[in-house]
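Given next, in structure tokens, is a single chain: the form predicted alone.
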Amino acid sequence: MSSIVRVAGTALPLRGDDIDTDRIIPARFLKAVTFEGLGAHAFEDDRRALRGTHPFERPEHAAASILLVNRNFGCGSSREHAPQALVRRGIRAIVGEGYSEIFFGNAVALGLPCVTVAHGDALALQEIVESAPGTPCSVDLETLSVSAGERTFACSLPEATRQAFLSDGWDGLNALLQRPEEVRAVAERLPYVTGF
């Protein structure tokens, strides 16, 4: 496990409210046994419909590590494949006006911070990156700020989630794997694990 204090790189602006998980990763890609290869199919239907003009198709955003979104991002089904596809595409942080609660939880479990900014700030960030795609951007969880070029915006993240990222406690599975004796001891006391 490792702490996540700051994510830096370039950003990809994706405008629109209520972008659901079926748009992020269409259902036909959920048949895979692993999450490998999902990044190549992120927003596949939207990308096909827009024939090369979708932000995920634009060469200037190919190496983007920060996704800029609007309201209620990740709504719809609870599929964990949606944040998996984004992480496997190279996204390391999301900045937006708001997220579906289940998407947010699935993203955090992958080490993908989803910070919230005000409506006007989300639009300003998207505009900055649209006008200058290579603008250096960062998300700082210590100072709760998002920077794009010379501008800095305040962001928020629930304090328990912020502390989990800063202290490397965000990866629950890895935490269990680090303490197998304790896991076994608890399992031995549970009647639904040993009592049948």
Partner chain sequence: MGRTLFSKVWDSHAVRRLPTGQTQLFVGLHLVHEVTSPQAFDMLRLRGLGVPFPERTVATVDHIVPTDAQERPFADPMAEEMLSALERNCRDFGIPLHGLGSEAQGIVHVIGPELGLTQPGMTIACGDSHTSTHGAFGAVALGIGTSQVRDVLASQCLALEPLKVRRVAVEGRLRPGVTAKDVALEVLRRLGVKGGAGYAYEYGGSAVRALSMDERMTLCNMAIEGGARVGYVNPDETTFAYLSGRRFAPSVAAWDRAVAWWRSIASDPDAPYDDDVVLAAAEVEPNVTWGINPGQSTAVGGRVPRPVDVPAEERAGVEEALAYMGFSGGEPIAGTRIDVAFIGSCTNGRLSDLRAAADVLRGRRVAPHVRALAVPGSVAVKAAAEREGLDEVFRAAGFEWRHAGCSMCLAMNPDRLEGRQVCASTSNRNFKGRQGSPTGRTLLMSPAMVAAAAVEGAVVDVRTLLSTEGQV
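No experiment lies behind these values; they were computed from the predicted model shown. Rigid core (definition): largest C-alpha set, two forms, superposition within 1.5 Å. Numbering follows the first chain given and starts at 1.
Keep in mind the form predicted in complex with its partner chain is missing from the figure; the text below concerns it.
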*asked:* Under a 4.5 Å heavy atom criterion, is D171 part of the interface with its partner chain in the predicted bound form?
replied: yes
*Classify G76 as contacting or not contacting its partner chain in the predicted bound form by the rule of any non-hydrogen atom within 4.5 angstroms, answering yes or no.*
yes
*Hey, in the predicted bound form, is R92 touching its partner chain, heavy atoms inside 4.5 Å?*
no
*Give a yes or no for A109: in the predicted bound form, does one of its heavy atoms lie within 4.5 Å of a heavy atom belonging to its partner chain?*
yes
*Among 58-66, 145-153, 158-166, 132-140, which stretch has residues whose heavy atoms lie within 4.5 Å of its partner chain in the predicted bound form?*
158-166
*Give, in sequence order, every residue of 44-59 that has a heavy atom within 4.5 Å of its partner chain in the predicted bound form, or say none if there are no such residues.*
D45, D46
*Displaced residue check between the shown form and the other one: E182, CA, 2 Å or over, core reference*: yes
